[in-house]
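The chain below stands alone and is given in structure tokens; this is the form predicted alone.
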Amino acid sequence: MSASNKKLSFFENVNRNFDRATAFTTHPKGLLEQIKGCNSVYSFQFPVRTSKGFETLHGWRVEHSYHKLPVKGGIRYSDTVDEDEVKALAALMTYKCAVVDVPFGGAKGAIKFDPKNYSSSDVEIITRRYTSELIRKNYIGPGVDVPAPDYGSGAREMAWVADTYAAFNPGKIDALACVTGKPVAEGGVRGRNEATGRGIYYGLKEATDNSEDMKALGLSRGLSGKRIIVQGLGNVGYHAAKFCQEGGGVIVGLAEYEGAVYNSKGLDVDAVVQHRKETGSILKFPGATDIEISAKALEMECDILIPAALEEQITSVNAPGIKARIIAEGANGPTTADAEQVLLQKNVMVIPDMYLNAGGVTVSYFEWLKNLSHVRFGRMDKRFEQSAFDRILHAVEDSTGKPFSDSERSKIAKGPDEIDIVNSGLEETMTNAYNQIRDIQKSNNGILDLRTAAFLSAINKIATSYIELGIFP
């Protein structure tokens, strides 16, 4: 295979997109190299004794950028993960945080094993052992490096990470802030579990609300009525599908590793999920057409395609057959750089992962703030706001002579709970970030695609941080 035809790795794809954006900057080469490279790569082996006996597992923690501290990024559990993948994900975290104005540097971690092949007790042993390695090298801490869940891990594992860190740091008052994505009872924040999927919905809602952009794609304004295919029914894909459906979108296709189902009139997301729980597969769902090869679902008729599984699902091979007008990247790196060029030539809007799936890290930021402040959002002001709204309603009733019903009063005069504040903050973040990206795109005479505009937004913000720190003139 010639050098020109060599398949790019995940990290090389990320850097290729980075390089494309730098053509629109005036920052010095040294500063751009600092932003682009990984600051620190910790690769290690550690022994564990599980129910299978003694094993040696491989782990990584990559800290991509120190322009903001702490650095932030999930811990992936996968038997196919490698160092290149972790570096790519860490880099994307840096740019993602910058795009949505979350004050973290980027990081990522991984353990090379498949948790489905181990008991719960074994996974706990492995998680705690991995955490102890991070503690040993100071790769975890509330002000240093704050992990989160990723593919293969979840709230349970993050609770084990927090507990292990606290055990090694007795009396540390901010110990819970060493990791996010924890169960609510263990210091987590309401809304974190569904945050990435909800963020995808907010991003799509904002993008489709622009009549000028939708007209250019041959689509009507708004999410309502748009046909959507979602690849992946994990946490991200399920919640993205659910919220888009609730927002008026029509879910016509759902894909998982065992295959896909399609119905041009729409699928009930929860019914498909329940069918899969009962039968072990989404196939043979009543009223839907089975697609035996999951990847073929990406090429079915739809308006919006949401790849929410793993990286490199849309390539130069299948991109020509994709019929969607909008690709909404729910997963990290689902579209290769070559595939994106094919899509852009077809006038397809690609809403990039580094913006669209930033809901998780945004709400993780809220959880981190909650852990540092040691108070639940809404606890201090909920009753005060509710009383203020109630006084306004009484004043309106006195002036009009028309009383509000109990149900009307409870809706209007309701003080915000933690989930209300979290969702409001997430929507504000996603809305503002999208408009920043679009403004950059339009200010360059519309010649930039959204990914390049997002990279340019991130690069400029990170460069400003380094310049203000006095590292670069």
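Just so we're clear, the structure is a prediction, and the values are computed from it rather than from any experiment. Heads up: residue numbers just count along the shown sequence, starting at 1.
Keep in mind that the form predicted together with a small molecule is missing from the display, and what follows is about it.
Remark: of stretches 67-75, 126-134, 249-257, 343-351, the one touching the small molecule in the predicted complex is 67-75 (heavy atom within 4.5 Å).
Checking G188, G237, P149, G191 for any heavy atom within 4.5 Å of the small molecule in the predicted complex turns up a single hit: P149. Residue-level contacts in the predicted complex: of V81, V361, I228, A159, one residue has a heavy atom within 4.5 Å of the small molecule, and it is V361.
Taking the partner from elsewhere, T94 is found to have every heavy atom lying beyond 4.5 Å of the small molecule in the predicted complex. The small molecule is not drawn, but in the predicted complex it has no heavy atom within 4.5 Å of T164. Contact annotation: K182 falls outside 4.5 Å of the small molecule in the predicted complex, judged by heavy atom distances. At a distance threshold of 4.5 angstroms between non-hydrogen atoms, Q313 is out of contact with the small molecule in the predicted complex.
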